[in-house]
Each structure stands twice: as C-alpha cells, then as structure tokens.
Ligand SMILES: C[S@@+](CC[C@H](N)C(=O)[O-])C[C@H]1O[C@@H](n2cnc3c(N)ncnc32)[C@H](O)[C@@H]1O
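First comes one chain, alone, set out as structure tokens in the form predicted on its own.
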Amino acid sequence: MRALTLEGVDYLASPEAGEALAALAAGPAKSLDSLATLEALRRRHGPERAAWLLDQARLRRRAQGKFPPGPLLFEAEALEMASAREVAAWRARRLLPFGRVLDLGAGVGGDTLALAAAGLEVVAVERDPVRAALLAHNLRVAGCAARVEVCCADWTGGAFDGAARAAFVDPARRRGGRRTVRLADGTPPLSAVLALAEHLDTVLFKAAPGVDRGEVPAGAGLEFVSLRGELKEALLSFGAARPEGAGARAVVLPGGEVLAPSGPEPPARVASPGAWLYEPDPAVLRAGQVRALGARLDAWQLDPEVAYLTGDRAVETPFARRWRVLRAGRFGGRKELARWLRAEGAGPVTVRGRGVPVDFEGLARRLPRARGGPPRTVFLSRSPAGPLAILAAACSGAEEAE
C-alpha cells in the first residue's frame, strides 16, 4: 500500500475523493484488484491519489465489523490492530463510572468511537500525526468530535496523568516489523502502564490473546475475551475496574457472560464419553477454566490434558459448543470411521481433535459422505486408554438442554 501522508489525509477527506470512494464502494469487490480500475483512477486523479483511493476502498471493506459504516478513513496497520466493535463497546461500558477517560494509543479511533458512543468524555492520544489526523476525521464523520479531545503526542512523559480518572491503553505490538505477544516488547511497554496506574483510579490494558501469563503482574486482573467463538484479546486491569478475586476470567461476547474462578481448581474428573460432548470456548481454555466449566456442567474430561468435556446431561451454556454423541470407541483408523459414517448415512464430515497426531483435514477428505445426508463431526482425542474416536451431531439453541 502507498504510504499515507497528511496531504493524503486532506485529499481523502475532500468531496472529490468522497465521490470516487463512493463509486468504488458501489462496484464489485473484485474491481478493486483490477488493473483497469487503477488505470482509470490514475487518468482522472493522478498516480499518487489513485493509489490512496484504491487503498482506502480496500481498507473500508476490511473495516466492516470493526467500525461503524460511513465515510471513515483508515491506515492499514492501525486498522489491523483495531478492536472489534462489540469488544470495544464492552470495554467502554466498564469505564462508564469514571466519566472522563484517556484513550492512549488511539490509532484511527476504534476504541475512541466506542468510548464516546457510551457517553464518556475522552482525551484521545496518538503519537503518529497521520493516524491522529485520520482519528480527527473519523470523529467528525461519526458525530463524536464534541466529546473527544484529540492530542498528537507521546503520553509516556506523564503530561496526561491528571487529565482523567481512568485510561485505556492499546500499545503497538510489533517489534522489527513482526507481531509480538510479549508485554515488555510493546510500544509503550508494560512498565509505562504500571507507572501510569499509580496516578489513576483505573487502567485497562489490551494485550494479545497469546500473552504469556507469567508476564502478567501479580496485582493485575486478567481476562480473556472471545467474540462468537473467536478469541480476540487479553485484558489486564488495574485499580477500581479490576475484578474481585484471583485467577483469570473468561468473557464471552456478544452476551458478556463471565466465567470466573470461585475457589481452588476442581480436581480432574476423567472417564469415557457420555451422551454429550462439549468443546469449551477458547476464552475458557486460555483462562484455564476448563475444570471449573466441567463442574458447572456436571461433565468430565476424556483425558486430564485434553480440553474436551463430556457428560450425560444436556446443559445449554455460552461457554462451550455442544454435540450429541452418536458413537464412541477406540480410534481404529479411517476404515472403521468410514463404516460408522455409512451406517449413519452421514453427509458432510468434519474431523476435529486434540492430542492425536492426525492430519484432520486430510482424513476428512478421505471419508465417505452420502449426498443429502446430515452433517456429522468426528472427534479424535487422546485418552488414558489410547486414541479415542467420537461420532457426533451438532446441537443448536437449547435443544434438549436442561
């Protein structure tokens, strides 16, 4: 993509560019990769502006789900690091009691917009001038500019410590051009956030979902957040917004359900498959709450080191997907699975597994499927008795749940 400049931001915010971007948005997505489209833009707007226009048209398509619709402007890396809208809105609600909030490392405004939409007054600090200009544009377009003060500055010098009671920090997580999950390698590093937390009532700090839990300070709250089954981030909290209790919590969005530790980790319960199989949400896995979820579901594990849960009761839960177990037994290879599937008249087949060294996608391609048959899932799992195979049917909603 062509590097964006302040001059480019001014141009992209102009009526001329707005008309061109609207025309590109109205066309098919494949036209954005067409040489003919690029040549037409070059003839009308010049080479540099044509590149900016085409980049923005592509970025707007990528921004769906992260930003509200409208003529917003983006920069590629900032957009990639921006939070999903529902995650940003959930975090903003956490900060409502504080009234005025610092958004530090605001980027192009994903979290700033969510904070302002929630009713907060915001001081949005972004050290990159181009991103700060994009942020100011996006706030004007979204009608939020009156609630937000945009500052192009480096916040780590302490100049903003008294500007609000609370802060949200989203550090850059790249080192040498590559992503990093280390808290010490972010820009700014965790040490700067800890210094900030000494001056404010509360600080929320966004980290990569793969964060090393050994790096998390002892006084920080830790939550792993998923959205519709996809792990999105880890959130560290300091001060008044820190959840009570010890241990990591799992937060499942869009509903906002929380699975929190309520005491020592329950002992492992391990047995053969029951009538139902549960696959915990990835937030539950990262939070280390699989056994706690098992106790809630009256379910047990297939193996002490495998995160599948199974039980004889069908319990609806936001913290796991549920399947009805149709057949189960020792994994005897592809031919035995093929016999199971033919006996069931199974249609599309998905193979999933943990702790078993199998090419799941390759195995699925080699299994039979009946035209028009019901979809089925094969689970392969390590167990104390050896590799285990389970043929299962997915459940929807509260089907047969208690």
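Just count from 1 along the sequence shown to find any residue number. As the structure is a prediction and not an experimental result, all values here were calculated from the model.
As for the form predicted together with the named molecule, it is not shown, yet the points below apply to it.
Look at the stretches 313-321, 207-215, 183-191, 266-274 and give the one with heavy atoms within 4.5 Å of the named molecule in the predicted bound form.
Going through the listed ranges, the match is 183-191.
Indicate whether the named molecule has at least one heavy atom within 4.5 Å of a heavy atom of residue 131 in the predicted bound form.
Yes.
Heavy atom of residue 108 within 4.5 Å of the named molecule in the predicted bound form
Looking in the predicted bound form, residue contacts with the named molecule include residue 108, since a heavy atom lies within 4.5 Å.
I'd like to know whether residue 171 contacts the named molecule in the predicted bound form, with contact meaning heavy atoms within 4.5 angstroms.
Because a heavy atom of residue 171 falls inside 4.5 Å of the named molecule in the predicted bound form, the answer is yes.
Looking in the predicted bound form, any heavy atom of residue 238 within 4.5 Å of the named molecule?
Answer no; every heavy atom of residue 238 is more than 4.5 Å from the named molecule in the predicted bound form.
Would you kindly say which of 298, 154, 257, 201 lies with a heavy atom within 4.5 Å of the named molecule in the predicted bound form?
By the 4.5 Å criterion, the partner-contacting residue is 154.
Candidate from 125, 284, 95, 302 lying within 4.5 Å of the named molecule in the predicted bound form - any heavy atom
Of the listed residues, the single hit is 125.
Output the sequence-ordered list of residues from 82-102 with at least one heavy atom within 4.5 Å of the named molecule in the predicted bound form.
Contacting residues: 82, 83.
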